[in-house]
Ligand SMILES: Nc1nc2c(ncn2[C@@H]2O[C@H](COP(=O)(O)OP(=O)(O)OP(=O)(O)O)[C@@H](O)[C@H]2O)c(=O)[nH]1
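The form predicted alone is given below as one chain in structure tokens.
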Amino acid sequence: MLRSTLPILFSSIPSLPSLFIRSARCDRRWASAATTLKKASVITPEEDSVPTYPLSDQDRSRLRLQRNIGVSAHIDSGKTTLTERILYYTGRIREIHEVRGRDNVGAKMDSMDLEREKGITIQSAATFCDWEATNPITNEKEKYAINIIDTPGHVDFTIEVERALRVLDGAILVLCAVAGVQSQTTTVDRQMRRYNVPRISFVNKMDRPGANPWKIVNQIRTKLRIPAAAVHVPIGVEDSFSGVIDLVHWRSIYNQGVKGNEVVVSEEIPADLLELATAKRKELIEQLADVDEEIGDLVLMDESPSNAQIDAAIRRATIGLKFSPVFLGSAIKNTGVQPLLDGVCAYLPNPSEAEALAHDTEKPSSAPMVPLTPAADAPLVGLAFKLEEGRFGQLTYMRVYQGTLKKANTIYNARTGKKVKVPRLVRMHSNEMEDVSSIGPGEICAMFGVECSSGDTFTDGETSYSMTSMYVPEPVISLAIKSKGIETPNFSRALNRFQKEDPTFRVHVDHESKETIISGMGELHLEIYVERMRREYNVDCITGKPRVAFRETITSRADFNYTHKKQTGGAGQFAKVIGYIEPMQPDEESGKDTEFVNDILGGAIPEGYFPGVEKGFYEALEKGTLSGNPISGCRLVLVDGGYHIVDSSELAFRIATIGAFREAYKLASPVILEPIMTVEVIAPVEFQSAVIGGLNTRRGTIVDSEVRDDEFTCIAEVALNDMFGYSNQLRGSTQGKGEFSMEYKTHMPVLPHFQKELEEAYKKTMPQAKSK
């Protein structure tokens, strides 16, 4: 598994004009969305004149058998392998192909050549299938329609997971039966919580030596802090793993036949596992009693709940985000996948049970959000959550929340107000597509030839609703890039396309060096895009020596009293600003850490000049005076000022604010910040001291280490600047057996001697910049 390829280097974060404004706008939008979601009360017709659209019987019967799920996990936990089995057992594919198959075919959901070569998922892929689930209580068979999105595990492609979870109703969290909860698992858990996505957990790789599902269940409870209990007990361990005991319906389930396609259900529990199964069923009931009132009452009265009561309680608690049932299996050994599919149908919500809220753009942002109803006759509301350049133009992935989307219909973009016709409507099966004439509410589809941005809301013009946008993390690594030889139009075409498709991929031109800088979430992220430029656009690129994305901040308060005067004949420029700057902690919900506060009373400065002050403040934040990097963690408070009735203007106040900020900045004890990464290393236990020693030499702080059987895991916090060449060092010190993954955690002040070096290096560039 390719964890990290550190030949790719790092560069400065994009200079901030567009980046800051865009991220600030995104932060503001996300902050408003988050706070409104917290306060949002369901609006009833009595409270407000919001039209309601009741579900018809036809809607109810269709939605009851509909599921939209994502498959998410840490790197190499078996997400794509599991999805391949699901597609095989549901009849969507005829043959199973492995992620690293020797037949040169590769898994269905990894359609990109790069994915098949590297054995990793780079882009999330959507598909759909039908599963005939048998109700164990009534023995009735019902056919469920399931939309699935297989997501990447690498943190570099975290936006793919983010936008998938934004539009899904439920998810399968895949965990390795040996490694358990790993660094990226906690990231995925955080994303699921952000969008209130119920999850069922699947402990995969039960055939591996050292598999211990009970330890994993305990880790879900302690590390992810969600009540959980196993609904299965494994029959056999490691090589002899052959099936599971269903604790809810008290039966044994075995996989037999070709590639496990024959499910044998037995009412008999193996005698040697009866005691363990009884204990685990009791544990399941106890966990449910803590989160479900009905089961809690039965336990208090010393009554044993029936199978149907346990089944209903798991569904209620899972949809209510209070509980996660844990399934066991081995995707590679074709065992336990069909019971998991039954669990998806039984315990995850259908589109009518998952809450969907929208803003009414005709009302103030503080107004309560409007609940959407997945009724086919309601006005259309859909969210474009992913863009892709297809063979036939731009492919726009869309989740329809309300109403019906039909081919050749005219739809409106809520952000731009533009109306567009839907020329072609398809359902995706990885890189294949199936033309359809219409898509109902609760479905996921794709449209061709519709120009829009990721996160745009589409309506049929009858409503003024707009969905909240997804959270987009800031890039942490940048890289200077230029075309080898003469630059062709394909160079900018490729960069524009990738930037449009991926909100975490940013491009800008450095004003001083005139270099094109690309920024992203990690070295693998940028390496993949450079390779895709070569393959898809025939553009060979040279990557320069990049730098880490440093930032600057202030550590103390500093006052300013600044007057800007300029007389050039005729109307001059005059502006006076008084106030202070102070350190600011990031907002917990939005992550925003810069703010302009207007505390002026009594009209010392007319209101029309305040936008100029705010613009000047944000412009000053774009470049710090220590190292030329963006400034974060700073609040500017304007308390007083002065103006001239003729000479004052918005421009004068913008220039005055920039001057005042730079003057105060020097007095506010500024420091340079560097990105700190959470590094997780997995290696054989005999190399433990070598790995810890290697991290210590890189100024790493060991946070946690765990030894299990013959391998150990070490989690450390290391400055990104000190991670150069770590891939080669780890390979050398562990005989090629160690692997690591990295994830951005926070920015922290650099050491004083290093700050001095960065300041001196920046000063050397100043005369060159002025002479150009």
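The first residue of the shown sequence is 1; numbering continues from there. If you're wondering where the values come from, they're calculated on a predicted model, not measured in any experiment.
Keep in mind that the form predicted together with the ligand is missing from the display, and what follows is about it.
Colleague: Is it open or blocked here: the ligand placed from its pose in the predicted complex by C-alpha superposition, 2.4 Å cut-off to backbone or C-beta atoms, 3 or more ligand atoms needed to block?
Modeller: Site status: open.
Colleague: Which one, 606-614, 443-451, 395-403, 328-336, holds residues whose non-hydrogen atoms are within 4.5 Å of the ligand in the predicted complex?
Modeller: The contacting stretch here is 328-336.
Colleague: Counting non-hydrogen atoms within 4.5 angstroms of the ligand in the predicted complex, say which of G119, P379, P305, G659 makes the cut.
Modeller: Looking at G119, P379, P305, G659 one by one, just G119 meets the 4.5 Å heavy-atom criterion.
Colleague: Looking at H359, R506, H74, H564, which is the one with a non-hydrogen atom within 4.5 Å of the ligand in the predicted complex?
Modeller: When the ligand is considered in the predicted complex, the option within 4.5 Å is H74.
Colleague: Is K205 part of the interface with the ligand in the predicted complex - any heavy atom within 4.5 Å?
Modeller: K205: yes, in contact with the ligand in the predicted complex.
Colleague: Decide whether T81 counts as a contact residue for the ligand in the predicted complex under a heavy atom distance cut-off of 4.5 Å.
Modeller: Looking in the predicted complex, residue contacts with the ligand include T81, since a heavy atom lies within 4.5 Å.
Colleague: Do H154 and the ligand share at least one heavy atom pair within 4.5 Å in the predicted complex?
Modeller: Within the cut-off, so yes.
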